[in-house]
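Before any questions on binding or motion, here is one chain by itself as structure tokens, the form predicted alone.
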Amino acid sequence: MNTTSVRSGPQVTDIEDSPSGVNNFVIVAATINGSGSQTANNCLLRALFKMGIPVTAKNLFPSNIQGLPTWFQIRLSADGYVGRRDTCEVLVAMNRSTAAEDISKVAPGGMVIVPSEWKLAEDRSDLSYYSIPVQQMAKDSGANADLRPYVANMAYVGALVELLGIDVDEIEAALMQHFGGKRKAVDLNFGVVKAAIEYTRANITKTDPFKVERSNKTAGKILINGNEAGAMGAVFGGFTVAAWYPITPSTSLVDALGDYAKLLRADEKTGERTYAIVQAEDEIAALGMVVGAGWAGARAMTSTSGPGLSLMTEYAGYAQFAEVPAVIWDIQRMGPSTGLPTRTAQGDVLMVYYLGHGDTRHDILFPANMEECFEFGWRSFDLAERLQTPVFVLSDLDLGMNLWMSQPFTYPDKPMDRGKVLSAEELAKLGGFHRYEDVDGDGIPYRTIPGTDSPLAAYFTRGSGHNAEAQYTERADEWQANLARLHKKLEHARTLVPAPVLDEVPGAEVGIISYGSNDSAIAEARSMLASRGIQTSYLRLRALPTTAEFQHFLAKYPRHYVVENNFEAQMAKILQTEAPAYAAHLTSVNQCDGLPLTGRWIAQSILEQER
């Protein structure tokens, strides 16, 4: 049941990705990590967004503190596409060590901004080179020697303002937001911006076609990253306990959780916190605290990445078998081992689905955008308590740490679902209960929360062999019955987890299946394929186990492409087991280079197969 796999993009020239000159190109700022360029880059991004231009950002940075190359890509798309593009039209070359390679990647007709202090040779006749005295502007700013390398980045902001037509007032507003209204810091940085504008206006003649114009395509939208959105969702979902250990790229989720909780989760009368966020000594202890809190009735969660998840394996398996609710966010990064901590991938799918020894499977949610990061932030708690099991939310670095446009979030549309929790009054009516008994035929037993005022509430929580009465057992028939009930519960989860998103095109013969952050690139790839006469229908998985909609989708189309960002086609392998009758119909389109997939690569890969 092996899939055909397309791991590297075929050299197909049919698919073009040509930008126009207005509101439709890519800016790349190539800088040195730790040089303070994020202030400049985020101000540019926010200014363009406030001008109504659809934008998205990809920050490619090394895992050390400073000194190595970093690249910040801002994509402008008049059509609203937010996936990564693999070409660049506007380059800010601020890292001498990578300048030659960075310039070689600029598309013909593009522009390059470089410090005039470099006296760089203009080796490409198909580019427009613009030199600005970056170091001199930093010196003239009045900043002390320690701050000059940081404010120097604002020189390229000013040059871009003048060359592209960016509204300078929006740059000042972005600086005000970034520095929290601290006028001294704003004036220092904005002074360099204005100096660069004046220099560019007086000394540079623009010869490239790229510019920006005000639009209204971001009206009503926000800019946020997935870690902040997920944290906000968890606060609205009623989290009361979070335990964690720092690991890139998940740390900022718990940081945001603390920030939002301070604002929204304090006692109205006393102002005291109604939650606990604990930094544990390691990931093992972190999940141990979460499982203990979940057993005690708290809505408890943790956040980690692949290496931390490996350490959590035993507690995850214990919680699944002992049937304790917990929420675990996995912000995926590039593995194996330490891998590339600051690059993105979807390499934890197989591990998470079967995390634990023995016959273990878990429920997983796959957010694809900021709205779903928020939604799954609260919905994961409902599922964990309804199913009495760990629920994993698999985001990734691209979703979690980069800024994305989004519609404002929708407040949870229903009350919290605490699941099958028995009160003292209900226990009195029943005359007692059996902790691991399937009363309703859905595989989910009833539970009580410690502290329930009834002697009938007591039970043993067991990670060892147990029967329906929570008694220790090694009887073969009781063991088999317990595993069968857990399997029934997982099957019942298919009716509770979020259904996939379907976009079906009449007459299409090709189905695309994917999940998570690939969604933005697939939207663009489908448009490219349609322009070549290939109509596609699309199913975006939002959860495992799969639902009935997945089976129906497979039956409709003779060919399916499973698109994912890992090397071993992990989701495709799982889908083969979910629908073995259709295993031969699945072709994997997968790549794993540490970068988000691009629409062009996906379209090229599918076009080559369709030929």
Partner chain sequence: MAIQEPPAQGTNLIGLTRNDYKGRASTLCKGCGHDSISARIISVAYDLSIQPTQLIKLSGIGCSSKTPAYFLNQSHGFNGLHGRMPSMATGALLANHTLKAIGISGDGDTGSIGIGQYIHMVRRNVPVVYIVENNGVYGLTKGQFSATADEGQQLKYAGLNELPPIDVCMEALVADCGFVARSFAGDPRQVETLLKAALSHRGTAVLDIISPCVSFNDHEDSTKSYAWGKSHEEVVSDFSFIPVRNEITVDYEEGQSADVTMHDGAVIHLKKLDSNHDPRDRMAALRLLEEAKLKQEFITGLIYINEERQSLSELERLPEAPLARLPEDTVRPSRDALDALMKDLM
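No experiment lies behind these values; they were computed from the predicted model shown. Numbering follows the first chain given and starts at 1.
This next part talks about the form predicted together with the partner chain, which is not shown.
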All of 217, 388 and 495 within 4.5 Å of the partner chain in the predicted complex, heavy atom check: no
Residue 448: touches the partner chain in the predicted complex, heavy atom cutoff 4.5 angstroms: yes
Contact test in the predicted complex: residue 397 vs the partner chain, heavy atoms, 4.5 Å: no
Close approach of residue 271 to the partner chain in the predicted complex, 4.5 Å, heavy atom: yes
Partner contact for residue 311 in the predicted complex: the partner chain, 4.5 angstroms, heavy atom: yes
The unique member of 251, 520, 77, 141 whose heavy atoms fall within 4.5 Å of the partner chain in the predicted complex: 251
Heavy atom within 4.5 Å of the partner chain in the predicted complex - the one residue of 100, 430, 121, 264 that qualifies: 264
Options 522 to 530, 437 to 445, 203 to 211, 279 to 287; stretch whose heavy atom lies within 4.5 Å of the partner chain in the predicted complex: 279 to 287
Residues within stretch 349 to 384 having a non-hydrogen atom within 4.5 Å of the partner chain in the predicted complex: 374, 378
Closer or farther in the predicted complex: C-alpha pair residue 268, residue 252 (3 angstroms or more): closer
